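Taking the form predicted on its own, here's one chain by itself in structure tokens.
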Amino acid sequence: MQRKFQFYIVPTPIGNMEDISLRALDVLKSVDYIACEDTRTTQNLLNKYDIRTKTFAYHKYNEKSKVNEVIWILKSGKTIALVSDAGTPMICDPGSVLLKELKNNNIEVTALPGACAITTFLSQVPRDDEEYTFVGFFPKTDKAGKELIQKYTKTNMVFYESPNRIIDTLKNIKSIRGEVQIALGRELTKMFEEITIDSIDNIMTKYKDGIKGEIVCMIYASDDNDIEIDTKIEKLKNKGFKSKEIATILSELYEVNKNEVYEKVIKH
């Protein structure tokens, strides 16, 4: 016998429609309403499993205006399940605003385990340790993207990217990280699912004529001090430090030759 909650966060398949749990189907059938990122997308899933629960739209463009209505429905004794178009809600999907208000109003919430592109991808990618940083969708501006790449040089960095932007993003990564190793997954759980682990140059060559499908990517961590020093040089320069000051600071921090660091500084 399952414990009954008022609000359920329910994962849905990321590609293969059969990747949904029996519990998720039971919840979607039993709640009074389903809050959907896109009602049309969710309806395809509901039709497949003959689920007739009423739906309403809850997405990033209406999440703030919809909160009071959702709270009112729940306080009237009804139950709601939140779903996104694919995968687990709250992972790069709307819901944070609502969840905060639910907690403030002491409304019971539970989350079901299920499909998620990050874990599906990482379970197929060999790594030396379990540490990684997920940063969501890769930034659209070059400056924000560059800062992110520089920030996580010593940690495996995982991100989502669109097929029309991935090559430019890989070029930006190479400009900072050099010939780094990349893991790239596309069309996860679908017929043409593919995981590629290779050098960044080889991956760019492989997909030079284009790539299809939603993408999850990981930049492997590097212990190369040169990358870290280059990043710190730029940050210190932006803060107004002089070349000799930067050389002194970084040579002490990284226990490297001061003159070598100074040469790097004047080349930046």
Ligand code: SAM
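None of the values given here were measured: they were computed from a predicted structure. Each residue number is its position in the shown sequence, starting from 1.
What follows is about the form predicted in complex with the named molecule, which we do not show.
Interface residue remark: K190 is counted as part of the site for the named molecule in the predicted complex, having a heavy atom within 4.5 Å. Taking non-hydrogen atoms only, F137 approaches the named molecule to within 4.5 angstroms in the predicted complex. Although the partner is absent from this view, C36 stays clear of the named molecule in the predicted complex, with no non-hydrogen atom inside 4.5 angstroms. The named molecule is not drawn, but in the predicted complex it has a heavy atom within 4.5 Å of A117. Proximity to the named molecule in the predicted complex, defined as a heavy atom within 4.5 Å, holds among L74, C92, L112, I197 only for C92. Interface residue among I203, V216, L45, V70 relative to the named molecule in the predicted complex, by the heavy atom within 4.5 Å criterion: V216. Contact with the named molecule in the predicted complex, judged as any non-hydrogen atom within 4.5 angstroms, is confined among 75-83, 166-174, 150-158, 182-190 to 182-190.
In the predicted complex, I14 is the single residue of 4-40 with at least one heavy atom within 4.5 Å of the named molecule.
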